[in-house]
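In what follows, one protein chain appears twice in different forms, each by itself as structure tokens: structure 1 and structure 2.
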Structure 1
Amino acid sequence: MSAKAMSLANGRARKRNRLAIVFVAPAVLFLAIFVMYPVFYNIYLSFTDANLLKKNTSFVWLKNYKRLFSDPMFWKYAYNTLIWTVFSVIGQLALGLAIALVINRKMRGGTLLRSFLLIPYVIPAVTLALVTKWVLNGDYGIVSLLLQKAGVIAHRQSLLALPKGAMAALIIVNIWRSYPFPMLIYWAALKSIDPELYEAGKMDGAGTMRLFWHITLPLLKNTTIVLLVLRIIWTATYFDLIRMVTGGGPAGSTMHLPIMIYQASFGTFQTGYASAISVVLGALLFFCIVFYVKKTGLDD
């Protein structure tokens, strides 16, 4: 290749590189301003005594973390977060998969049914919270009245007034609200499974359950891992429903770490302490991301 041709090729390569930088720069700038900066600034605040009512801020190093880990309420709220997240995610994935298996079959009115099943996901959280409080009202709520007649709860009692009942009710509502997302993802994954695998299984004498356990579930493994990680992150940080329905009550039985962060920030204005809580929560969720990367082989 002549010197002139090499020079021309190098010029074109430099032009492509500059063009690539131009296209990538907005995304990098967006991530730097709206993602990386808030994360690092939050970590910085967690080592300070920052307070919304104070102008001056000073370093306290690990004082906020020592205070947090020595607070018995933190461990209680962390446990509540674990219960809320684990049972909500298991319920969402199980219900989403079950309904995906149903709508994956050819049926009359399937499009209408699928549209109807998406309704919970588009209902505003405030509407869902108001309806939940209404149907679970101890005096006139239809669900509470049915439970009272069945002898599950006392007269004029509500699940939202019972420590265990309140968390169970919120988890059920959250499962109902959130199952459409796993349902759609599972449905798309089911569509990608080769029907000939099921035909071969049937020819070998496999029944419906054996086909499910030995063909469907193994082929949905990667989809399940992705959904598991995403739903854990989204559920563990979900704030609206619990805040509007119970506010963390009764007696802190539904209080979880996002509400603890909110109260520390806007209740007592201790932004440094709130930042420490959010860093701990973020670290826990980071392990979920590491788990996802390891399981899907993205680190290879």
Structure 2
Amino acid sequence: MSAKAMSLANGRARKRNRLAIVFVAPAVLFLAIFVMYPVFYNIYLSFTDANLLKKNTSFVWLKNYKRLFSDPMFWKYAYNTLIWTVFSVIGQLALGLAIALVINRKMRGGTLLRSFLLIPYVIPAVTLALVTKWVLNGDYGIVSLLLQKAGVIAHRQSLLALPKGAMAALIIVNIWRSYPFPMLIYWAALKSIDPELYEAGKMDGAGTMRLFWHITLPLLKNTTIVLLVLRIIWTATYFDLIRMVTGGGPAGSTMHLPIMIYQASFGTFQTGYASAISVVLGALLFFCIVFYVKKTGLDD
């Protein structure tokens, strides 16, 4: 290749690289400004006594973390977060899978049914919270009245006024609201399973349950892992419903870490302390992300 051709080729390559940088730059800039900067700034704040009431901030090293881990309320709220997350996610996945199995069959009005089943996912959280409070009102809520008549709760009592009842009610509402996502993903995964596998299983004499346990479930393993990790992250950080329905009550029984962070930030204006709590919550969720990345092969 002549020197002139080489120079021309190099010039084109440089131009391509420059163009590539131009195309990538907005995304990188976006990530840097809206993801990296907040994350690192939050970590920095967690080592300070930053407070919205004070103009000056000083470095306090691990003081916020020491205070957090020695606060019995943190452990109580962390436990609440665990209960909220575990039961919500299990419920969402189980219900999502069950309904996906139903809608995977050929049936009349299937499209309409699938659309109908997606409704919970598009209901705004504030509407859901208001309706939840309404139906669970101890005086006139339909669900409360039914439970009162059945003797499950006392006359003019509400699940929302009972520690275990409030958490259970919130988890059920959250499952109802969130199952459509796993349902859709499972449904897509079910569609990709080769029908011949079921045919072969049937020829070997397997019944419906055996087919489900030995073919369907193993083939949904990766989908389940992805869903599990995503739903854990989304549920553990889901704030609106609890905040609007119980505000963390009664007696802190539904208070979870995101509400604790909100209280520390905008209740007592201790942004440094709030940052420490969010770093701890973030670290826990980070392990989930690592697990997700490894399991899905995204690291390759």
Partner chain sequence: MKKLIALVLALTMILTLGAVGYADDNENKLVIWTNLTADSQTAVLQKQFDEVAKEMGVEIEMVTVAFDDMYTKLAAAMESGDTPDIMHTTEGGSAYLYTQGLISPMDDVIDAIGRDDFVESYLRSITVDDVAWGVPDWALHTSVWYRKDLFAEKGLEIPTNWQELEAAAEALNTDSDGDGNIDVYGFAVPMAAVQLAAQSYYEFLFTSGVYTFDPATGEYNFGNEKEKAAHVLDYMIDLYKKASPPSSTEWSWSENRNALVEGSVAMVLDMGAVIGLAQTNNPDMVENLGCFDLPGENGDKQASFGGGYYFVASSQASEEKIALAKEFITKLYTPEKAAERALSRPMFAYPSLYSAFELYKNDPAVAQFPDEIDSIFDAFEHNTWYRYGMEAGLSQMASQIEATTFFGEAIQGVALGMQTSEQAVDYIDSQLQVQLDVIGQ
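Definition used throughout: the rigid core is the maximal C-alpha set that superposes within 1.5 Å between two forms. Since the structure is predicted, the reported quantities are computational estimates derived from the model, not experimental observations. Counting starts at 1 with the first residue of structure 1 and goes up one by one along its sequence.
Student: Pick one: is 1 or 2 the form predicted on its own?
Tutor: Structure 1, not 2.
Student: Spell out whether the Cα of residue 283 moves at least 2 Å between the two structures when the two forms are superposed on their rigid core.
Tutor: No, its C-alpha moves less than 2 Å.
Student: May I ask for the C-alpha shift of residue 20 between the two structures, in Å, based on superposition of the rigid core?
Tutor: Its C-alpha shift, to one decimal, is 2.3 Å.
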